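Single chain ahead, by itself, as structure tokens, in the form predicted on its own.
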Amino acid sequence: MYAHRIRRPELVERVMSAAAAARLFAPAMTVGMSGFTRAGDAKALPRALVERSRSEPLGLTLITGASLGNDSDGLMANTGVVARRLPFQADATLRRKINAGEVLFIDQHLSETAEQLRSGALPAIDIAVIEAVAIRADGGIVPTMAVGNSASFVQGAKQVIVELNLAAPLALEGLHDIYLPRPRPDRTPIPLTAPGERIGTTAIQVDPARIAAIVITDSPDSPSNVLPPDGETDAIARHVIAFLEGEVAAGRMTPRLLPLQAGIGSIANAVLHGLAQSSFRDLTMYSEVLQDSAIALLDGGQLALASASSITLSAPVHEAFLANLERYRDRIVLRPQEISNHPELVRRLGIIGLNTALEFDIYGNVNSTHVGGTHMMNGIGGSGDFARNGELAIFVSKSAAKNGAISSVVPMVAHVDHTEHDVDVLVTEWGLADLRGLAPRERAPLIIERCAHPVFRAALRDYYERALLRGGQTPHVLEEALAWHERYRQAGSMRP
């Protein structure tokens, strides 16, 4: 029945229900699941594990590429399937469990997870659950709309469960480029010198004997939940485009720019949409995720090719993309996230990284993850991989949140994900601050005047002027540095 998808005949005997496959799991196992930003995630096994855990909480350590779709993270957190989670999540229910201390969360750079698995710093994977288009005659697993950490999970797993998704068209085969670095100390340079190069295989290699179960599904990925561009994100896009035009005019880049990266989320997606109105052509992307904006740029001719680890699209764009896969076959490559985010390649290619900040301070330190300094939002994701190692680290944010009650520009961030040393450019709807070559005492006035919301500028100026009286390389009034966050916690507003 599934010969066109299960091309090694003896593996057909391993087809079973999700409930039967769920019996292979034991409490406290370490499990690797495919999935990256709601794409390419297992659809049936999470729910089967939820049902099993109602009578026997499993308390698994769950490792993925990034966030899962289909509410899987929340369902598993609510029923005791998951006790420990890494490296990234974006589910409101799981977030509440994390911030209540009921699920332990390890927030990691997305390039690090595979390395720590390979070195043994993380527990070995007991079971890998991988969504696939097909299983080849040699046992190779063909991924769907994401690669993420799947190849690394399969490489080290004791057992592999394949979710064969009939909703994923066979035309996806050939889109992937699976390459994993060699173990140290015998590692050689990764032989990739341009975003569109292919250096690996089109499937994940595995000994067929380790495939313990095959579960048949027929469910699409969850659609992207990014918001459409608005007036503020359009303004941010205009500032970024003008800045990049200035880089070209100064001779620091050609009109093709350098390869672009954009983190997941509405603001970064909207900024990329803005490039459609620019004069740039023949652009390339080397990113961890492709959103609606990347497909629009490919369709419009501004983007020549794109490399990523996943494709996460809104429902209508997803449908059109799958219906026209042949148009994109030679212009999109999907890689393991260890390769899409690898510091060696980010530095070699000179990536322009565009990522979102929750808040940043007057000296350029960025908080990407912790609301109020204590409560996890989603995770650092790949932003650190690109900020530390790329040609340009651009962080964008709306200048205020919660209907103007919260300033995104503060005297001191309450949690630091990206230090001032890794941040080149900050942008809000009000303007752009180019921090390259500036000392802290030059940065602060520029950030306040260019990026802060007008409602908060006077208070920021007052703080900085009083901090100057105390001296220092990076002046602060330490007893007031986090007073804005405390004022919001007590009164519901940062406004003075």
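Start at 1 and count along the sequence shown; that's the residue number. Just so we're clear, the structure is a prediction, and the values are computed from it rather than from any experiment.
Only in words, not in the display: the form predicted in complex with another copy of the chain, which the text now covers.
Answer with one of I127, I98, L313, L175: the residue that has a non-hydrogen atom within 4.5 Å of another copy of the chain in the model of the complex. Contact residue from the list: I98.
Counting non-hydrogen atoms within 4.5 angstroms of another copy of the chain in the model of the complex, say which of R347, R329, R210, R198 makes the cut. Of the candidates R347, R329, R210, R198, R347 is the one lying within 4.5 Å of another copy of the chain in the model of the complex.
In the model of the complex, segment of 303 to 311, 408 to 416, 148 to 156, 283 to 291 with a heavy atom within 4.5 Å of another copy of the chain: Of the options, only 408 to 416 has residues within 4.5 Å of the partner.
Please check if A26 has a heavy atom lying within 4.5 Å of any heavy atom of another copy of the chain in the model of the complex. No, no contact at 4.5 Å.
Exercise: H239 in contact with another copy of the chain in the model of the complex, heavy atom 4.5 Å: Although another copy of the chain is absent here, H239 would stay clear of it in the model of the complex, with no heavy atoms inside 4.5 Å.
Contact of P454 with another copy of the chain in the model of the complex (heavy atom, 4.5 Å): P454 lies outside the contact set for another copy of the chain.
Even though another copy of the chain is not shown here, does P440 get within 4.5 Å of it in the model of the complex, heavy atoms only? P440: yes, in contact with another copy of the chain in the model of the complex.
Should the three residues S219, N324 and P336 be counted as contacting another copy of the chain in the model of the complex, with contact defined as a heavy atom within 4.5 Å for each? Spot residues vs another copy of the chain: no contact at all.
From first to last in sequence, which residues of 108 to 143 have any non-hydrogen atom within 4.5 angstroms of another copy of the chain in the model of the complex? Stretch hits, in order: H109, S111, E112, E115, Q116, S119, G120, A121, L122.
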